[in-house]
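The chain below stands alone and is given as structure tokens, in the form predicted on its own.
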Amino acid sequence: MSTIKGETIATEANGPAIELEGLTKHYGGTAAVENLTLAVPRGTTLGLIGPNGAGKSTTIKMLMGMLTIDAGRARILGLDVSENMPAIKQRIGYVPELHQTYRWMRISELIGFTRSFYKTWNDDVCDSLLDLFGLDRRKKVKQLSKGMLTKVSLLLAVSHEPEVLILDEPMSGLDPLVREEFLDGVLRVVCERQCTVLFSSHALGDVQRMADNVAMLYDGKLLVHCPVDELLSSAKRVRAVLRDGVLPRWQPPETIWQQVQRREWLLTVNPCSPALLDQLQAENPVEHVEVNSVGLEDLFKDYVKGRRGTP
């Protein structure tokens, strides 16, 4: 335990790397994030997903001290972000969607400038990422493509060996090859440094590949927060064939989304169990039921369609 600004802070190595408790942000009368509570264990990777406007970037900007918190608390490595941001920034790395830096600088100058802010800067890590990403120190920032600029941003974010890495849609608009190279860099950092990662992304395949846990936001509220493997094993797509001219009479409360087209009744259910399937057949006029696995991207779409009430 330690005390900062009169507050006792839990800094044990086994405590959560990121803690959100009732985190809330309003713009006028609209809640961008509402009563968001979750924890990210140290050494794990959390994928933050949701449609545009769900509150992902707002959450990350509050974590980074870029937006004030209207209600609730956010802690990184046991430190309250509203009071200890200078100390926190020494221990975290951040890659935004829009990379704002000094365009007139060469990469070498940008590295030197950034190095001056961190006592823990590691030149060996920096050099290895320069080689991994094929970056030319002599190039000016204004000469870099979006993909190269994203790689530079990751290099600057991790060369001081942060304990937490926060990525806000960093791969948006990148071609598949550059995105793969960026992911390889992130995975290398995670494996070598046991770094905690929180990242938001619309590329659900990347989330399924990288994340230990997933948190799904919709209209600023948390819909799902659990291990990716657990979510994919518990959620199922059910296809039932109805008898002619008859509609379903009973809908499982675990239904995320459903659609009826003529005799075909499709449901996505979480969690799905043998008991639920037995009741589905007992309560409804169905002739046949089959159960299939569902990937993270389709599951995400079903959650959103279910909330919107769209087929």
Partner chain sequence: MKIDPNNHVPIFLQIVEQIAASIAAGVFRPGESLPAQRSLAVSLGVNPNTVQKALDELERRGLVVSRRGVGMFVTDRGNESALTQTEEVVAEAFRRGLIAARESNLTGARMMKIFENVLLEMYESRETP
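In this text the structure is predicted, and so the values were computed from the model without any measurement. Positions refer to the first chain, counted from 1.
Although it is not shown, the form predicted in complex with its partner chain is what the next lines describe.
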For the interface check, one of 231 to 239, 72 to 80, 217 to 225, 143 to 151 should have non-hydrogen atoms within 4.5 Å of its partner chain in the model of the complex; which one?
231 to 239
Selected contact from T255, T58, T44, N284, since only one has a non-hydrogen atom within 4.5 angstroms of its partner chain in the model of the complex:
T44
So in the model of the complex, does any heavy atom of Q208 sit within 4.5 Å of its partner chain?
yes
Determine whether any heavy atom of D212 comes within 4.5 Å of a heavy atom of its partner chain in the model of the complex, and answer yes or no.
yes
Can you tell me if K139 lies within 4.5 angstroms of its partner chain in the model of the complex, counting non-hydrogen atoms only?
no
Considering non-hydrogen atoms and a 4.5 Å limit, does its partner chain approach E21 in the model of the complex?
no
Heavy atom within 4.5 Å of its partner chain in the model of the complex: which residues of 276 to 290 qualify?
H288, E290
